[in-house]
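Okay, so here's just one chain, in structure tokens, the form predicted alone.
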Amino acid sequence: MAHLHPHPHSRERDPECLHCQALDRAREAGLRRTRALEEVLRLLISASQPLTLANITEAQVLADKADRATIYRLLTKLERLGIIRRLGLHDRSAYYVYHVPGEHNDYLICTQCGQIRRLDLDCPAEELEKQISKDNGYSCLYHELSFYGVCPVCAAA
């Protein structure tokens, strides 16, 4: 496995390296390597923000590779395998992000429009996660930290 930048919130990761790792993880989990799989992973890895199903299906690189239902099934499989994560409010559109093993991101979510923004901060829960894992004997423990509120655009409306 290629070396990842040691800081978990670093954006200085090589997208091509992550893409190869993602394809390897998908293949090891039993997924066939298809153009749709390749392009969905490439989109999620290169995105600066989480993407919705609509963002992904409307991407030009997927225009002739797969229909919306196929992409949804692929996202569902990738989520079940832990290769991507699904974010968002339960009554709103889901957003998808690529999950780098050993890393996580924290998010700010608008409760009115559903917009999700990645926070660039040192997560205060990382030490707590390690302690909980140690005290309870859990392995592969992870957490997701999301803050909910009303974004400036919705607040002004």
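From 1 onward, residues are counted along the sequence shown. No experiment lies behind these values; they were computed from the predicted model shown.
Beyond what is shown, the protein has a form predicted in complex with the DNA; the following relates to that form.
Although the partner is absent from the chain shown here, none of R42, Q49 and V100 has a heavy atom within 4.5 Å of the DNA in the model of the complex. Scanning E127, D67, E28, D120 against the DNA in the model of the complex with a 4.5 Å heavy atom cut-off leaves one residue, D67. Among heavy atoms of S93, some come within 4.5 Å of the DNA in the model of the complex. The DNA is not shown here, and in the model of the complex it never comes within 4.5 Å of any heavy atom of I116. Residue contact check for A36: one or more of its heavy atoms lie within 4.5 Å of the DNA in the model of the complex. The DNA in the model of the complex comes within 4.5 Å of a heavy atom belonging to L53. Of all the residues from 123 to 157, none has a non-hydrogen atom no more than 4.5 Å from the DNA in the model of the complex.
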